[in-house]
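Have a look below at one chain only, the form predicted on its own, in structure tokens format.
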Amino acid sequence: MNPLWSVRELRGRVEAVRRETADAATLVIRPGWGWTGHLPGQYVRVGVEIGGVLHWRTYSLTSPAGRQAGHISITVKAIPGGRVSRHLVYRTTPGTLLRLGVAQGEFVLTDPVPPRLLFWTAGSGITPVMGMLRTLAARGAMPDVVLVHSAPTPQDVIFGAELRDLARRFATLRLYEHYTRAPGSRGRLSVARVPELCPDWRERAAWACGPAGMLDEVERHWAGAGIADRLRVERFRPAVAATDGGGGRVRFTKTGREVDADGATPLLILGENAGVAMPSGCRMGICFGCVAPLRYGQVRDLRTGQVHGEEGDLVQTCVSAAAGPVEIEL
């Protein structure tokens, strides 16, 4: 029986693994029955079994919209200490079966495509934008695009060779690469340089994806110009609200594991570090794949700082921290 024909859960088989940089790889996946396609820029939940435990993570779809030869692709950057990302980058081989969710996300290429676009990305933030660029290239109609991308060195640019080739093929695509650690570098790229790199930035539809600090700066810059509505931002981690609240002792009632919490670390991370098999999904408070019943205490929503919770409430462990002693039914 072909495992991709399962009607109980959506699966995908890894058909190829392409090395992109020293710590990033693209997995070409043939999705099974139930895959309904995606929009350029969306992400997908991916479930991978490691040591008998199913882990869920979320990755941007880097293939163009519309399945080509029945394949989709995700591109994963290995995070230092990251169990799942390192497994996918370094140990996953063709033939591996993965669980899949449906495509999700609002960080997408709009329809109709605006006549002038600006992409501001850094590191693995290029991955959702690559899905958009590949879609535009596949259509053979690249609009006026400015792509500003930052990485430590030229060798660290994910899709570096392909991006440069696209810029050569399409005169309407202007690529600016900024290297933070290369010889002669001026360090981190400040968003204050956007008028220099893209003089008509105020008139462009903009997309930004990268580290949280960069995105905070970008959002302030666009808001300060009064054009926040022209900017779309994709965060791989939720924005965390400032808090001076303390934590407490967290007890996972089914496993009996206990750990001290600092009031700022998500319950999901605490549980995983304590060896609890934590359900998880997007890890940024969107998909509700990480919820668990609260048995005692209250939690703090790390996105808003709000303290809440009563016995029996389902809490999102990926964006909730302990606000005092807490018991979670896991």
Partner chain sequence: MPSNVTEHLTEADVEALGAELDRIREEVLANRGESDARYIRRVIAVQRGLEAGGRAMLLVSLLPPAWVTGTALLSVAKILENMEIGHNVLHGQWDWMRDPKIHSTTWEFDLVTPAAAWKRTHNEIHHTWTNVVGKDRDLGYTILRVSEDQPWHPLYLAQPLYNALLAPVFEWGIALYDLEFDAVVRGEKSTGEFLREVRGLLAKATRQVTKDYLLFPLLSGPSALPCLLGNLTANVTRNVWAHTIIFCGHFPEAAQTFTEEEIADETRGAWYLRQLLGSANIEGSRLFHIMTGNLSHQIEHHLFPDLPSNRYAEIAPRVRDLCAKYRLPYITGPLTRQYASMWKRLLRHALPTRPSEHATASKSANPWRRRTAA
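Positions refer to the first chain, counted from 1. In this text, rigid core is short for the largest set of C-alphas that superpose within 1.5 Å between two forms. Keep in mind it's a predicted model, so treat the numbers as computed, not measured.
FYI, the form predicted in complex with its partner chain isn't displayed, but the following is about it.
What I'd like checked is whether E9, G52 and T304 together line its partner chain in the predicted complex, meaning each has a non-hydrogen atom within 4.5 Å of it. Result yes, every residue of the spot touches its partner chain.
Name the single residue among V276, V291, A264, V28 that comes within 4.5 Å of its partner chain in the predicted complex, judging by heavy atoms. Contact check passes for V291.
Given that its partner chain is left out here, which of P64, G32, G285, G47 has a heavy atom within 4.5 Å of it in the predicted complex? Only one listed residue qualifies here, and that residue is G285.
Can you tell me if G271 lies within 4.5 angstroms of its partner chain in the predicted complex, counting non-hydrogen atoms only? So G271 does not count as contacting its partner chain.
Is R86 near its partner chain? Define near as a heavy atom within 4.5 Å, in the predicted complex. R86: no, not in contact with its partner chain in the predicted complex.
Is there a non-hydrogen atom of A16 within 4.5 angstroms of a non-hydrogen atom of its partner chain in the predicted complex? No, no contact at 4.5 Å.
Give a yes/no on whether G281 approaches its partner chain to within 4.5 Å in the predicted complex, heavy atoms considered. Yes, G281 is a contact residue.
Rigid core superposition, L294 Cα moves 2 angstroms or more between the shown form and the other one: Yes, the C-alpha moves 2 Å or more.
When you overlay the rigid core, is the Cα of R19 off by 2 Å or more between the shown form and the other one? No; that C-alpha moves by less than 2 Å between the shown form and the other one.
Core-superposed C-alpha of P40 shifting 2 Å or more between the shown form and the other one: No, the C-alpha moves less than 2 Å.
Given a change of 3 Å or more, say if the Cα atoms of G213 and M284 sit closer or farther in the predicted complex than in this form. They are farther apart; the C-alpha distance rises by 3 Å or more in the predicted complex.
Closer or farther apart in the predicted complex, the C-alpha atoms of V299 and V84, for a change of 3 Å or more? V299 and V84 sit closer together in the predicted complex.
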